[in-house]
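Here you get one chain, nothing else, as C-alpha cells; it is the form predicted alone.
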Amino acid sequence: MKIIRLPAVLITACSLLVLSGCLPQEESEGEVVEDSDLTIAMIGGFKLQDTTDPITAQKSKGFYAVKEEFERLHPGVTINFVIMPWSNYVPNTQAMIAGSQADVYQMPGVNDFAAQGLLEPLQPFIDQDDFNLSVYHDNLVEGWMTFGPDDDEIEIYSLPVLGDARFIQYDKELFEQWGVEPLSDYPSVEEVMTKAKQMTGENPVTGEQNYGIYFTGTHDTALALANFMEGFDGEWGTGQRWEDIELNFDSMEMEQALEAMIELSSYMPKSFINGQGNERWLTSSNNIAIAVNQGNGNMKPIYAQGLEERFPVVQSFKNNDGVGSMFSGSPFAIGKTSQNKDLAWEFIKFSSSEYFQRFLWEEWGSTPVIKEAVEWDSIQEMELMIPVLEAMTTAVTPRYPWASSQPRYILQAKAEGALTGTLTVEQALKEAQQESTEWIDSR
C-alpha cells in the first residue's frame, strides 16, 4: 500500500468546506492511498441507500454517506460495505474470513474467531498510534477482550463500534392504575416478582386483562436466566479460554433464577414461550406492567409515539458487586487475511470518531460507544438514554464467552423445557451443565 501524506492544514481546510456539521474528531493529517480497496462486513438492518422506517416514518441516511466521508478523508481509497442479516451471521462471517472477502468485520462473536487465530491483534496498532482508548465508555474495551490461540493474557482483538445494553422497562401508567409504587432504579428480583404479581389480572381502572411481566420464551431466555441468576448473586462460571472455562449452570443461584422465572411465567401471556403475547408492549394500548431483558431498540418506537414518559428505564438485576446482565453490542475487528491491515486500522479509528458515532446514532439509532456522546443534544433530549448508557457500563465483562456458542443454545433449550414443564428445574440445569461441558471438552 503506497501512502502519500498531504499537509494537515490543507486537509483541515477541505474538511471545513465540505462538512457543515458532524466533523470527525481525528484526521489531523490526510493520506492519499493509491489504488486501495477496503471492504467492511457489517451485520443487521443497515442499508447503503436512504430508507424510511415503516413504523416511525423516520428517514435514515444510507451508508453511502460513510463511504463518501471515509473516501474523502483517504483519497485513492475505494470502500465497500457488505451487509449481512443477523440470521446465520456466525457461519456467514466464518465463510467470509476463510475466503478473504473483507478487511474489517463487525464481530460480536469475537471470542470464537480470535481463538481460531482468524483475527489480527490490535494492540500493536494502538501502541503505534498512541490511540487513546479512554474515548470509549468505561467497560466497553474490556468487554470485548479475549484470547488468541497463543496468548497467555487476555488481549484486544476488536474495539467497540455499536453499543447495546440490557435493562428493565415498565409501564408507569399501569403502575399508577394498580396503585403500585414505581420500580426502584436498581430493583431486586424480589421487588420485580412482588410487583409483577400485584399487577396481574383485571385492571382496576380499565377492566382489561393485565400481565405483570414479560420476557420472551425464545432466543434470549438463556440470557434472561443468567441475569436473574446474577440477581441472586451467582456467576455463570469462570474462565475465558475454552480450556479454562468452568460452568456453573447447575448452581444453587441458577436454580433460584429458573424457579423465579417459572413463577413469573404465571403472570405472563401464555404465548410468551413462542415469543408472542407482547404485541401491545410499548404502545398506547399496552397491557404488560414490566419487561425484563430489554434492549436499546425500544427507544425509537417509544419516542416516535411520544410515550417516553410512560415507559421509564431501570437497571437490570445486579450482583453484590453492582454488575449484571450480558455485555452486548458489536465491535470491529481486522481479519487475519486482510491485505490492507493498516487501512483497516484507519477505518477502525474512524469508527470511533464523532462523525461515525453520530451517524450510527442519529440515522440508525445505534447506541454510541464514545463518552462524549453523553453531551450531545440528541442524547440529552432523550432522557431514557442516560440509564441505558449507564447499563452499558455495568454489564458483566469480559463478555460471557459462551454467548455466541453452543452452551447458550443448550441452556436455552433446557430452560424452555423447564418453563413448559417437560423438565424439572434440577433436571434442566443438570443436563445443561453436562451437555455444555461435554461440548467444551470436545472442542
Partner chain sequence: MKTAIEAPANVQSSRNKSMKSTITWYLFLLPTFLGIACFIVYPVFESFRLSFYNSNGTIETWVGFSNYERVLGQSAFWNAVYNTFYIAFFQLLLAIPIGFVLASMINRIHRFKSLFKVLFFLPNVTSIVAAAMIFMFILQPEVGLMNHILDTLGLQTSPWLSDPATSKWGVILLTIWHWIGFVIIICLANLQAISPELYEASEIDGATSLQQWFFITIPNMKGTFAFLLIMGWISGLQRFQEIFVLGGAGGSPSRSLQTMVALIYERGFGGFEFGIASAITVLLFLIILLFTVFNLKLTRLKL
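Positions refer to the first chain, counted from 1. For clarity, every value in this text was computed on a predicted model and none was experimentally measured.
One more form of this protein should be noted, the form predicted in complex with the partner chain, which is absent from this view; the next part is about it.
In the model of the complex, no heavy atom of Q177 sits within 4.5 Å of the partner chain. In the model of the complex, no heavy atom of G322 sits within 4.5 Å of the partner chain. Proximity of L48 to the partner chain in the model of the complex: non-hydrogen atoms within 4.5 Å are absent; the residue sits far from the partner. Using a 4.5 angstroms threshold between heavy atoms, Q412 counts as touching the partner chain in the model of the complex. Comment: the partner chain is not present in this chain, but in the model of the complex one of D151, E71, D112, E308 has a heavy atom within 4.5 Å of it, namely D112.
Interface residue among G62, G417, P398, G44 relative to the partner chain in the model of the complex, by the heavy atom within 4.5 Å criterion: G417. From the list 273 to 281, 166 to 174, 180 to 188, 294 to 302, the contact stretch for the partner chain in the model of the complex under a 4.5 Å heavy atom rule is 273 to 281. By the 4.5 Å heavy atom rule, the three marked residues P91, Q406 and W439 all count as contacting the partner chain in the model of the complex. With contact defined as any non-hydrogen atom lying within 4.5 angstroms of the partner chain in the model of the complex, the contacting residues in 201 to 226 are Y211, T218, given in sequence order.
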